[in-house]
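The data below hold one chain only, encoded as structure tokens and taken in the form predicted on its own.
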């Protein structure tokens, strides 16, 4: 495992932002910054030895300081939509900033993706550990509680990334954390319609016209959401006709089974995602519009990348039938996700 650290730039208040680079013996090159805990780059050769960028990102800090669609970022305090920005905690209701007239989303403009995290890097011959920490003060974004958060990236030589979140609060609060990386296994040569997708889920969260949960879960069998086997997305007219921005309810019996598998036949590249979270939001880059250009001068067009946001369900604070996201003082929050990149001959 080879690791490097350099300055990525400076914030307007003069604080230094760091960029951490990793090179695995199996060929993956990865970059992460402590600004927003963002994965800025994932590079890997294909079965023919062609080396490509697989992750939406920017080569410089300045673009991350402007509005962007959460490229590669750690999202919090609450990943996903909260209806009306209404956050009930006990007998109190906290009003959160609105993303649009319907919801609060991903911390909007002041979430964890905009924070400078403290960073500690350790490594040995086979792995590297990047530990990022942040203390979110009481009423930041109007969420209650002083929240101490740790996000630990562990990178292994076999092209594996483990992301583990840990957190504690001093008063009851809601918490739902994820990483919002966008992937394209064909190196952004075309949309993700030429990818094959498998999701280990028998149900999907039903949404209303505002993209908020109704509180009901729908079976996927026989529907366009049935990815129980590897399915070529374009064969389902996804995402050209049927766009994905849906939370799949993961099967709890999966154990060592990937929650998600993404495969690209022409390059042989695959991504397997493992998690202990109850759901995964699959998002097919529906709001990318070609206005952003990033790594290797790639332009990010609509449906040019896909996200797998492992997390609790959206609007859980207002949906009592959903798994709870309430964190109490004295409880330890923990959530983990693994990304494993492979190349098939």
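Residue numbers count along the first chain shown, from 1. Worth saying up front: this structure is predicted, and the values here are computed from it rather than measured.
We do not show the form predicted together with beta-D-glucopyranose (BGC), though everything after this point is about it.
Q: May I ask you to choose, among 116, 161, 231, 105, the residue with a heavy atom within 4.5 Å of beta-D-glucopyranose (BGC) in the predicted complex?
A: Going through each option in turn, the one that passes is 105.
Q: Ok, 226, 266, 245, 170: which has a heavy atom sitting within 4.5 Å of beta-D-glucopyranose (BGC) in the predicted complex?
A: Spelling it out, the residue with a heavy atom inside the cut-off is 245.
Q: Just one of 177-185, 266-274, 195-203, 149-157 has residues with a heavy atom within 4.5 Å of beta-D-glucopyranose (BGC) in the predicted complex, so point it out.
A: This holds for exactly one stretch, 177-185.
Q: Taking 4.5 angstroms as the cut-off for heavy atoms, does residue 129 touch beta-D-glucopyranose (BGC) in the predicted complex?
A: So residue 129 does not count as contacting beta-D-glucopyranose (BGC).
Q: With a cut-off of 4.5 Å between heavy atoms, is residue 35 one of the residues that contacts beta-D-glucopyranose (BGC) in the predicted complex?
A: No, residue 35 sits far enough from beta-D-glucopyranose (BGC) in the predicted complex that none of its heavy atoms falls within 4.5 Å.
Q: Decide whether residue 81 counts as a contact residue for beta-D-glucopyranose (BGC) in the predicted complex under a heavy atom distance cut-off of 4.5 Å.
A: Yes, residue 81 is a contact residue.
Q: Considering non-hydrogen atoms and a 4.5 Å limit, does beta-D-glucopyranose (BGC) approach residue 313 in the predicted complex?
A: Outside the cut-off, so no.
Q: Considering only 268-288, what residues come within 4.5 Å of beta-D-glucopyranose (BGC) in the predicted complex, judged by heavy atoms?
A: Counting only heavy atoms within 4.5 Å of beta-D-glucopyranose (BGC) in the predicted complex, the contacting residues of 268-288 are 281, 283, 287.
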